[in-house]
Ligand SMILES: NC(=O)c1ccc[n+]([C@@H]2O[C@H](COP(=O)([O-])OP(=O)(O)OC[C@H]3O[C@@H](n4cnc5c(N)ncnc54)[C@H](OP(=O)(O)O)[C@@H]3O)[C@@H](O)[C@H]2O)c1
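A single chain, nothing else alongside it, follows as structure tokens in the form predicted on its own.
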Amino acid sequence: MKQAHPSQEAPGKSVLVTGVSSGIGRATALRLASAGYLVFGTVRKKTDADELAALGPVEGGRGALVPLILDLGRREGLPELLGGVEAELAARGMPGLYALVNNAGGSLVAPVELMSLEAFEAELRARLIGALALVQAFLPSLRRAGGRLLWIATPGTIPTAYVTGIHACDFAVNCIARTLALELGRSGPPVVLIRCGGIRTRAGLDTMGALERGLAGAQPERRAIYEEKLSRWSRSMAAFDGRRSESELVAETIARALSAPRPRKRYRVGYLSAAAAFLESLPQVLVDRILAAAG
């Protein structure tokens, strides 16, 4: 593990953030490090880890960012990561990990009929199985530090055409996080959901590219069934992309959730997050009618 430089101003708290190569994860890692946290940030590629390490001292100079290589779809690397993080915490006299921020995600876009099952399976392994493996591994450490567990997700309980590969995982994340909160109760760390609307990320702004990749293996005659609908959807997504909120807004929300004496169970942030919360409060049959009419 790359050794981070100690800081006299650090608050003695550490955070593990997944998926910090870009977007929400990167903004969060930099924001927390500047606030004085020791931040362990996972990336899948060595080039991304090297790029983050080359940043040098984080602006503000109070915390540290330690990039770690981890592919959440391949759990065999988890024991080494756990051992490395725990060794670093022990060397710094920290009782445990203060927070785990499950953020890493993908960008699988395609109609359900044409969606690559191999790509969907990989997304499920990373977003759900891998994330849950991290939770199981670090819960004892979170308990020792009196920490908290954060999940980044979209309002996955609302069906949205052509992004099942993303929202089905978010639906499950909502279920897992809320169930875990019930099971842990007062004996475990608080479980916090950060419910994001439209956020300006590299993946978020590559919706059309993700769609083309998602349709790459589709049979032409079956793809033709969706051409007109996908054309309209593409135009609406272009307008949506122009209104997305910046990733730094999510990072600020996460910072508030970590510093609050009693964090809320849910935070909403980003473009249309309030509208999504309102839709979730309506009867499901009514939501389905509204979305069908809008599409």
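Don't overthink the numbering: it's just position in the shown sequence, from 1. Note that the coordinates shown come from a computational prediction; the quantities given were computed from them, not determined experimentally.
The following text describes the form predicted in complex with the named molecule, which does not appear among the structures shown.
Scanning Pro190, Gly106, Gly96, Pro111 against the named molecule in the predicted bound form with a 4.5 Å heavy atom cut-off leaves one residue, Gly106. When the named molecule is considered in the predicted bound form, only one residue from Leu211, Ala119, Val135, Ala126 comes within 4.5 Å through any heavy atom, namely Ala126.
Just one listed stretch, out of 30-38, 259-267, 65-73, 225-233, contacts the named molecule in the predicted bound form at the 4.5 Å heavy atom level, and that stretch is 65-73.
Contact check for Gly197: a non-hydrogen atom falls within 4.5 Å of the named molecule in the predicted bound form.
Interface residue remark: Ile24 is counted as part of the site for the named molecule in the predicted bound form, having a heavy atom within 4.5 Å.
Mapping the unseen interface onto this chain, Ala203 counts among the residues with a heavy atom inside 4.5 Å of the named molecule in the predicted bound form. When contacts are judged by a 4.5 Å heavy atom cut-off, Arg243 does not count as touching the named molecule in the predicted bound form.
Annotation: in the predicted bound form, residues Asn174, Arg178 and Glu248 none come within 4.5 Å of the named molecule through any heavy atom.
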